[in-house]
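Single chain ahead, by itself, as structure tokens, in the form predicted alone.
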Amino acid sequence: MKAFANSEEYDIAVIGAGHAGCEAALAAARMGLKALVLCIDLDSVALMACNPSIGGTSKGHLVREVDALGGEMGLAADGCFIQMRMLNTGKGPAVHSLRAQMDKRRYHERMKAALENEPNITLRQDECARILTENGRVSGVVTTLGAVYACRACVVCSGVYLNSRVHTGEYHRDRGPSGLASATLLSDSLRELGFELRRFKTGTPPRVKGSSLDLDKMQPQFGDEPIPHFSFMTDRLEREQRPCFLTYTNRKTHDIIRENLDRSPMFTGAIHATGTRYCPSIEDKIVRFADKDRHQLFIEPEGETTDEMYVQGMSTSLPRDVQEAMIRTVEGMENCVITRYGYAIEYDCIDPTELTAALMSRRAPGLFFAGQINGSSGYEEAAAQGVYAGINAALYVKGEEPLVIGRSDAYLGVLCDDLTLKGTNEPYRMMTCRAEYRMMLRQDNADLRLTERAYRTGLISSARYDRLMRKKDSIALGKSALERTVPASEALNKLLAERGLSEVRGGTELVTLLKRKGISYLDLMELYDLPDIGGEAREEVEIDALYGGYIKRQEDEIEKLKRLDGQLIPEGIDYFGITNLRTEARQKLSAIRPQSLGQASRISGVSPADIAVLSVFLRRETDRQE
């Protein structure tokens, strides 16, 4: 590592302290490395610039996976929630997802304290202007205040701040979210390193004064009791929860929006960036879904010490007067007072196909990227990439092999595989339908899938590891106890009749009874001498009994995927020299440089026929070398 005159030296520099930056810095520091965190404004650490919530459909899976890897988001959410609610409980366990309303100020304070209390982290308010390299590798960073910091790795977690521009109607300003400053210099440094930058867009709805709403006209949404939790290390949560409220737009709302589309930056051409398809603005919804008479709006409290509430579902960049007119047509919001107007924000990001599976640049070894700079959207996607990039940056500095998490291992693996191999032409949002093996990648088993794999990194405490081993032992004990055969009995058939199930006449295995919908492990405990294995282990045993066939089928599919991923491609292969490969495949394979046949098969523009050609070529090369 090159030493600079009057410079401080660190192992890793983390650019940005949003949800990705916090996790990246904490991961590297807890693995024993000295980490510098540069943040434009320390009041924006872990800022919830958009919705005041953590988790949700598929996103809850990511939070559990961050926790299973030793990250902080799940613990912070458990400490700062004002409502917890499990979504999709009417469907199968593969899509159950926990969502928590946060006290956004407390969450910021909680995460900032985590950084401040980590002895290996130096948190500093300054803007990164340039990334330095020596012999092509990261060697340091330079800030706008003129400081030079030597480092051996850098994780860029710049969020939506790079050359960010905010739009509300005719108002356009170069600034970041929530009125913060934008980062104006780092983009040029990335271009100098050879990155081609793109423009993406996101947005927020208005915030409103809660006391100005007639909440009695809305439908309350309450939290769950008993209260669920994100972190494997959280035992029990007891807290008074605050409700959210559901209301709807109507035709009058839509008419006002349609009449003012010519004043929306989205339709006037003022915005040139690409927005997210799965979280559209209200004006985009009205145009795209013109046949709909109404759209849901969730009114969500922003914290315990503020009267501000977030209008989920009404993201907009319409002018101030239009926002006021349209929101007051909504039932319960007739006298609404807006405290902060909605806005759209566009920003620079990279093409993530420039990165390896470990989120490191192929252009500049030691340079990692995580979060919205990679074209993703959402706090949870950012945090997941952050902990992953932080782990791998630390392993890179230590000279160890990266921790590679594949799409059969975790939602995080699906996220990174999609970004680095397929790329994205719009802000990427994690969804359950993107995961082929979602029955295997449930939120309830994130610790079972990932914690042992992460144990070598040093992020997993002995207390967490021992707790996981006890859970695994309990699951094994429960499954073993269910293998015995029991005779038919009056008590058993009475239970089955109460649940609307047919009676049994002869002997049957307990696990067969557990496969019946409506029969739980606790039910069988009351009838038979079964060990008390605890709630988390019971859940795993019940899911395995009910969905064992589906799980076995996905395990077989994963084995096929692993065989493809196990067929490695030589680093220096000349794709343009392989006859019968289509031109598009040659170009994509040469640009992305997949490490295995499995990765190559998931690249957009590479067909099954191309994979067959490549497979034959690799076999011939192997035979020739032997």
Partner chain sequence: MDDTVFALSTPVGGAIALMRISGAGSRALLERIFTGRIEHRRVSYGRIVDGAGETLDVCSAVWFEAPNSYTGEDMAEISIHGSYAVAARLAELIASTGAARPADPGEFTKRAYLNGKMDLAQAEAVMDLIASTAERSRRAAARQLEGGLSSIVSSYYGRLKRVCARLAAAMDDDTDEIEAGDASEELSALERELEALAEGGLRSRVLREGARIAIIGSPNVGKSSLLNALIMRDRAIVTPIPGTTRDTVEEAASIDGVPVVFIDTAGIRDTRDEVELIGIERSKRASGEADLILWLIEGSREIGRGDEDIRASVDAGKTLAVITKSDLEQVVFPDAGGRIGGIPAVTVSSITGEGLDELRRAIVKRLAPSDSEAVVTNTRHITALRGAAERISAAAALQQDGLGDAAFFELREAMESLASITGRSDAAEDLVDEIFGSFCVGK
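Quick caveat: nothing in here was measured; it's all calculated off a predicted structure. Positions refer to the first chain, counted from 1.
Another form, the form predicted together with the partner chain, is not on view; read the next lines as being about it.
In summary, among the residues Gln554, Thr143, Thr457, Thr122, the only one with a non-hydrogen atom within 4.5 Å of the partner chain in the model of the complex is Gln554. Checked against the partner chain in the model of the complex, the candidates Gly506, Gly399, Gly90, Gly269 yield a single residue with a heavy atom inside 4.5 Å, and that residue is Gly90.
In the model of the complex, no heavy atom of Phe232 sits within 4.5 Å of the partner chain.
Taking the partner from elsewhere, His295 is found to have a heavy atom lying within 4.5 Å of the partner chain in the model of the complex. In the model of the complex, no heavy atom of Arg582 sits within 4.5 Å of the partner chain. Although the partner is absent here, Val95 lies within 4.5 Å of the partner chain in the model of the complex, judged by heavy atoms. Only one segment in the set 54-62, 569-577, 582-590, 34-42 has residues whose heavy atoms sit within 4.5 Å of the partner chain in the model of the complex; it is 54-62. Using a 4.5 Å cut-off to the partner chain in the model of the complex, not one of Ala29, Arg106 and Val148 places a heavy atom inside that distance.
Contacts between 538-577 and the partner chain, taken as any heavy atom within 4.5 Å in the model of the complex, involve Leu546, Tyr547, Tyr550, Arg553, Gln554, Glu557, Lys560, Arg563, Leu564.
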